[in-house]
Structure formats: structure tokens, C-alpha cells
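Here's a solo chain for you in C-alpha cells, the form predicted on its own.
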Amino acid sequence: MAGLLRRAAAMAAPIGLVSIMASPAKAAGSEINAADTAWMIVATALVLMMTIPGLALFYSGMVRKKNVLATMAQSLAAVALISILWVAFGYSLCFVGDGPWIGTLDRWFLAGMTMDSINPAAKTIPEALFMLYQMTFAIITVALVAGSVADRMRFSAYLLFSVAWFIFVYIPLAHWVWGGGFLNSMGVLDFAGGLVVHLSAGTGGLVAAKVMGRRHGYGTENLSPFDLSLAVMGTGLLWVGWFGFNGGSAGAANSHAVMAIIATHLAACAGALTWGAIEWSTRRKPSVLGMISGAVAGLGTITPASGFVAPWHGIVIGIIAGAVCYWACTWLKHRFNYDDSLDVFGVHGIGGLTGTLLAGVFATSAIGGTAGLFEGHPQQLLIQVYGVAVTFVWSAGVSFILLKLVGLFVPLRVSREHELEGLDISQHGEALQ
């Protein structure tokens, strides 16, 4: 996604990023390209597929049978809810205007958007398509948070928290990093969402898990997944969808998109093999859950770096992702005794953090236009550290405040009886037979 912005910045050269992030219009000298438009339509569909059915299957396959439908409902609700909010004001606040902190409401309910208008961040595709593509990122980010509080969050509280979190966490971060905000102006690298998507969602999920407390029976009862075959199918859909997630962030049908896709695929492969190998060496058997977790860890970790590194870097980053995220989901989780139900922080939060830092290490100027530590630009790593710190502090602090505010209106958590009965019945009046 940042690839769209950096592509526009490269064309604008000396005038700087802030000046090119003016209000969308039909820019002089720009022309909508049919090939770029076709690819971005496909990429948009792929990223939407990551939430439904991808994330819905991935998450629901890892909860107990009595919570499968409720878990799917959270992903479905995120799609419906965030799509409307994005059109209403989310897109405009993120990508219209050049303020360092937030955008404008000039595109409120897409006001003024025409068949021929473009956004300066994506000059070869219709602005409506750019808006739609960015919408899919907002959707899956909000949906990811739910995994940390699976099995215990009240559906009404989830809806309220999702709306508030989207407004006060996702929108500012997306503008700061991708929409011409202060982090983008500083040169923070986040090609497709290591900060905006993964670290923010993982941090928000961690805070929610701590605020709501552990599930009944956590650590003493068997909370094993209901049907890992669903999770495996979800992983496959996420994996393929990630080609649109990272490849589409190039904003065009070009070699930059292809390089990002190759790095993405290799990181997923390396992550799955690394996690499986660690389990094999420590537990004598590589679990299916471990291998799919490693694949998703590799995908999340390569995301911020995918458009800035060479394909072989994807393998290295995937290996690091598999090892670091395994550590976070085992030792770190037990050390601090928090119940992150589906390891959103351990996989996405830690993965996004790690990948953002590694982008500052491996960034290759010949590919992404920016040199990293290994090419003699150590300042880039410091910039990445700053971006991580800002994202973590903002996501954690605002998420905590929002949870407390939502709790004033509706209980965050279902009752003990309803939790034991299952959220499918207590929240939706339905259940798998």
C-alpha cells in the first residue's frame, strides 16, 4: 500500500510527499491505465476474500464447536460495518488532504468522485477503485482484532468497539503512514500494513484480552480447536489473498508487484517450515496448527517489507518470523499470562513489528527506492523503530480507553453461563448440530 504513495512520490521528486497529497482530482498528465485497473480489481477481490471466507474459516476452525458461528459472525459483521463507514468518512479522512495528523471530509460519502477522478497516490487507476482497495484493508484490520477475544466477547460490545477502534485507531494510523501524514513524511517504510494492519490489530487485541480477562477453563481445561481442517482452508485463502494484499500495494500491473508477490510467497513457505521444524525438534511432531501459524506469521512479517526487499530476503524474513512468532506464542504468552485466544498479538502483532524493523535492515534501493541498514543507511532502521513505537503506544493507549468507554454502555463480556453454553446460542440463537 505504501508502494502506491512512494510511486507517486518518485514521480513528484523534489516537490516532496506533502505537496503531492493534495485533494483528489483529474491530475494533468495522468491517464487511467487499463492493465493497472484490471490488476487492482483482482487485487481488491483477493483482499476482500481474505476476510470472508479466509479469516472467518481460519478463526472459526481454531475455536470450540459452540463458538464457530459467533466467530464467523464477527468477520461478516466487520465487512458490512466497516465498508459503510469507509465510504461515509473513512476514505476521506485517510487519503484526502495533506494534514500531518488527519485528512479532510472533502470526499464525505464520496462527494465529488467522478468516473475519471484519481487519487494522487494512484494515478493510473480510477479513484473509486483506489477507495475500494483501501476499504478491504480497513475491513480485515478490524476483523483481526476479534481473534484475541474469541469465545467470550459480547456481540453488541464487539460492534461498538469495532466502530470506535476503526475511527480512533485505524483511520489516524492509515493517514499517518500512507495518507501523507507525519510518519510517511519521516520516511517510515510500511509497504502493505506491518504497522497499520498487523501491529495495530495485534496490539489492540492484546489490550482487549487483558481487559476482558482469561476464558473460563483457560490453563485447566481442554480448549483445543474444533476443526483444524477449516483453519487450513482459511490459511490457503489468506495465503492466496495475500498476493493481492502485498502485490496490489504496488498499485500497478508491473514488476514491482511481481517481486512483492514472490517475496510474500517465499516468506510464507519459510515461516511454515521453520515453525514446523521447531515443533518437530522440541515436541517430536510438527503440528498442523503450528505449520499454518508459521505460514501466517511469515505472511504478516513480510508485509511491511515486501515491496522494498529482494525475493531471497523473503526466505530470511520468513525464517525469522517462524522463530520469533513461535517464541511469542509460547514463552512470551506464558510469561505474561495473558489469554490471547487465537494468538493475534503473537502472530500479527509481533510479526508486524518484526517485519517493520527488518524492512529497515534489508530495504534495497534498486527495488523499493530506499536503502536499508545493509546498504549503508542505518538511519532507516531508527526511523522504523520510531514508527513501531508510535504505532504501539497509540494502538495500546486508545484501545484501552475505548474498551473502558464501551464497557460503560454494554458489558464487554458474556456471562459465565453464556460462555459455558457457547456464543453461538447465547449471542445468535443458532448452533452447529
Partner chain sequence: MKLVVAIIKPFKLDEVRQALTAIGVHGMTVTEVKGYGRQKGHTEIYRGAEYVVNFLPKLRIEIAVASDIADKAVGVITASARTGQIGDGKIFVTPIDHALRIRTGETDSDAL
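Keep in mind it's a predicted model, so treat the numbers as computed, not measured. Positions refer to the first chain, counted from 1.
Just so you know, the form predicted in complex with the partner chain exists too; it's not on screen, but the next bit is about it.
Looking at 206-214, 349-357, 222-230, 177-185, the stretch with residues near the partner chain in the predicted complex, meaning non-hydrogen atoms within 4.5 angstroms, turns out to be 222-230. With the partner removed from view, the residue among Ile102, Ile278, Leu289, Ala164 that has a non-hydrogen atom within 4.5 Å of the partner chain in the predicted complex turns out to be Leu289.
Contact annotation for the candidate site: Met153, Ala323 and Lys404 all lie away from the partner chain in the predicted complex (no heavy atom within 4.5 Å).
Of the heavy atoms in Leu55, none are within 4.5 Å of the partner chain in the predicted complex.
Though the partner is left out of this view, Cys329 does reach within 4.5 Å of the partner chain in the predicted complex, counting heavy atoms only.
Using a 4.5 Å cutoff between non-hydrogen atoms, Thr141 does not count as a contact of the partner chain in the predicted complex.
Contact annotation for Val388: none of its heavy atoms lies within 4.5 Å of the partner chain in the predicted complex. Contacts of stretch 337-370 with the partner chain in the predicted complex, defined by any heavy atom lying within 4.5 Å, are made by Leu342, Asp343, Val347, listed in sequence order.
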